[in-house]
Each structure stands twice: as structure tokens, then as C-alpha cells.
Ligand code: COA
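Taking the form predicted alone, here's one chain by itself in C-alpha cells.
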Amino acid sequence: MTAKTTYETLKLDISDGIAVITLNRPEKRNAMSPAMHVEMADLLEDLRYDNTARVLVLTGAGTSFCSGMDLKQFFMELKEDTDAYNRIFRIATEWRLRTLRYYPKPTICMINGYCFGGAFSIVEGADLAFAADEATFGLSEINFKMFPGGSVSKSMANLFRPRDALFYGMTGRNFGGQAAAEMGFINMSFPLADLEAETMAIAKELAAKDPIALKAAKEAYRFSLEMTSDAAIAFASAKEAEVQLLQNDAWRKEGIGDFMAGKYRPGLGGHEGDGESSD
């Protein structure tokens, strides 16, 4: 199955196993409109089953990553249509809070500029996030008599340190890429001129890994957060058996086998393939 390539609010480019999804409303700083939420939900569903896409990178067109919700279209134009508002709210919450978090393939945010409000849930939902030093992050809701609601409060609770969450949530102050990295909201920041090259290098590294093992690594981490230690160990053990079954025991035959044959040393090298699972 191959994802369609024409969208109103998004751009898609797939190359070398990496699907780059670009939020494409630069004239609105890539604010998330109802149409964008619907298109993103559909695209993520398509890419889930597209074997040419092994890693997803999300970024923004122009000088912004995403300025949050389109306030006019979402909060004003849908105000009188309760059913339409509830539908879009559910879709908007689902793809950021759940779909990205439990997506079967690695997901990366490449934050090239402004990142505000609801965009925080995109960043938090993705597995990895890298930003330009020059990027601007902000939770400005408090400045117009609101607070970071919807999925954003949960995203802040998941990744921010308590003092940082309350400071930025209550003051509405902006912060840059380096500060976002220091507080752990993103992995790393780079000069804007280097951001794409650095992010794509990491995406290519992930695309070369075994996809079955990558999916299991994500699930073992995500679900362990909700389990006791004993339950997490039991889940990981079951996942190990599942991986061995799906790989036709390639972990022992190729992974450990190549180590025993002296082809690589764990920690000093990797058993890299073409990104395809073993038969």
C-alpha cells in the first residue's frame, strides 16, 4: 500500500525509507486547521501500512514548525456546530496524543521555527525531537485569558519538569531550542543551518535498523511506563519471544551469530541491514 501524495495542508516526500511530512500552511505559520487534522489522521493511517516508509519525520514549511491550533477556524467557526467541533477535537487529540505515541514506526519532529500551543503535543507524541537553536517555543494561552488545555496539559505533565511546566504555562514566556533541550522537551538542538542534515542523518540511522526490533523497543518503553516492574519484565519477555518468532530467530542466527563469528562487537558496532525484516 502506498500513501497518496497530494494534500491541501500537508506535503509528503518519501525517499530512502524516510517519509518527510511537512505541515504546509506557511502563511498561517502552519497553524492546525480542521482540514489539517483530518488529512494528518488519514496520512498517518496510510503510512502505517506503506513499506516504503520506515521512519517518519514531521516538520513545517517556511519559518515555522507549527503555531498551534488555528484559533479562528477551530474555536470560532466551529463554535456553533457542536457535532463538527467534537469530531475535529477527537481527531486532533487522537493523532497527537495516541497515534503518534503508539505508532509502529519511529517518528521524529524536526522543529525548524515557531512551535506554540497545540504543537507541543506533536513534539511530545513523537519518539524523538530535534530543533533549531533559533526555534521559538511558547505557551501563550495564559496571555489571552486561557491556559494550555486539551492534550497540551498532559503533554507538559509527561515531559516537562514540574517547575518548568508551571513557569512557562503560567507566564506564557517563550524559550529557544537550547532551553528546550536542556529541560528535556527535545533531544537536541542544532544551528538552523545544520538542523535538516543532523535530523536526517538520525532518521537514516533508524531506517537501517530492524523494523520489528524498533517497534518492540517502542512498545516495551511506552507500555512499561504504565506497569509495575514485574508486569514490565513479563511484557518484555513476551515481546522478546514475539520478536524472535517474527524474525524467524534472526536475533540468534544473525545478531548473536555474527557476534560469535567476530563480525561485530556490541557497543562498538551494529548489525545493520537494509531495514527489511528477516524472512
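What you see is a predicted model, and the numbers here were worked out from it, not measured in a lab. The first residue of the sequence shown is number 1, and the count goes up from there.
One more form of this protein should be noted, the form predicted together with the named molecule, which is absent from this view; the next part is about it.
Interface residue among Lys28, Arg48, Lys215, Lys239 relative to the named molecule in the predicted bound form, by the heavy atom within 4.5 Å criterion: Lys28. With the partner omitted here, the residue from Ser153, Gln178, Asn187, Ser140 that has a non-hydrogen atom within 4.5 angstroms of the named molecule in the predicted bound form is Ser140. Listed stretches are 160-168, 87-95, 114-122, 100-108; the contact stretch with the named molecule in the predicted bound form is 114-122, by a heavy atom cutoff of 4.5 Å.
Contact check for Leu71: a non-hydrogen atom falls within 4.5 Å of the named molecule in the predicted bound form. For the chain shown alone, Ser67 is a contact residue for the named molecule in the predicted bound form, at least one non-hydrogen atom being within 4.5 angstroms.
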